[in-house]
Ligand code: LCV
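One chain comes next, on its own, written as structure tokens: the form predicted alone.
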Amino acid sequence: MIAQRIEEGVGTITLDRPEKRNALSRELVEAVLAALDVFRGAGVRAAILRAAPGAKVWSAGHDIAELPQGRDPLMYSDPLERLLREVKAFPAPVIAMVHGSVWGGATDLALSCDLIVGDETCSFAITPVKLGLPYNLVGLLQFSRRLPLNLVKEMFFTASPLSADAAARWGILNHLVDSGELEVFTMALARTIAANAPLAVAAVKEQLRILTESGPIAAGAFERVQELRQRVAESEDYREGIRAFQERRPPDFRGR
């Protein structure tokens, strides 16, 4: 399901669930969280999150079979939400090394990493509207703080993949490199980080996290958002989106 190793102060986590296209199931997420905990205890100075070599899909995102129906599917306690928070709070920089397509919540995971290095095969799509799923406020804030608002709207409204070139142009990627150089380049970047003062790097990362997450939200606005999301979570469209995915057919959304 995953593989992990530590080499020269750099920890690497490899997603290896090809039969499910590295879908972020509870079991896989718990394995990644456990690996990060090992890395933390070992004093790892940089971490890399990648898919197995040759994978066409970096991750298909949230495991659809595990999404609850009839209630908010992306609550604070959701395993993927816990993973996003842990990646952001991990004391060493986390680099997403992306070969292949990235879908749904996995795009949120990649953006939660501190740096992203991708090759020409990578693409990024955020797909909740394909399932009739109400995306959460934390995720929307993450996208809107990282990317121009018009791009965020297009990605969420269309659910269309953003190509490697577009991802580089819009600043999703720190580096776009040839697939034959991806692993060597990413490891060299991680080693460069690992050679620097770890306490200083950790302090900068945590300060930046606090600064980017410090914007207040009025109580009324928060309650309005919660009402909107609950309405969608309880809708027939959301149930239809899940059924259609499971039955491998286009969904028939009715707006109710």
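Small disclaimer: the values here were computed from a predicted structure and weren't measured. For every residue, the number given is its place in the sequence shown, counted from 1.
Heads up, the form predicted together with the named molecule isn't pictured, but that's what we're talking about next.
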| property | result |
| --- | --- |
| Complete contact of V57, A60 and L133 with the named molecule in the model of the complex (any heavy atom, 4.5 Å) | yes |
| Options 179-187, 83-91, 101-109, 145-153; stretch whose heavy atom lies within 4.5 Å of the named molecule in the model of the complex | 101-109 |
| Contacting member of I172, I126, A96, C122, with respect to the named molecule in the model of the complex [4.5 Å, heavy atom] | I126 |
| Answer option from A202, A52, L67, A31, heavy atom within 4.5 Å of the named molecule in the model of the complex | L67 |
| Touches the named molecule in the model of the complex: I13 (any heavy atom, 4.5 Å) | no |
| Heavy atom of L74 within 4.5 Å of the named molecule in the model of the complex | yes |
| A233, heavy atom within 4.5 angstroms of the named molecule in the model of the complex | no |
| Non-hydrogen atom contact K20 with the named molecule in the model of the complex at 4.5 angstroms | yes |
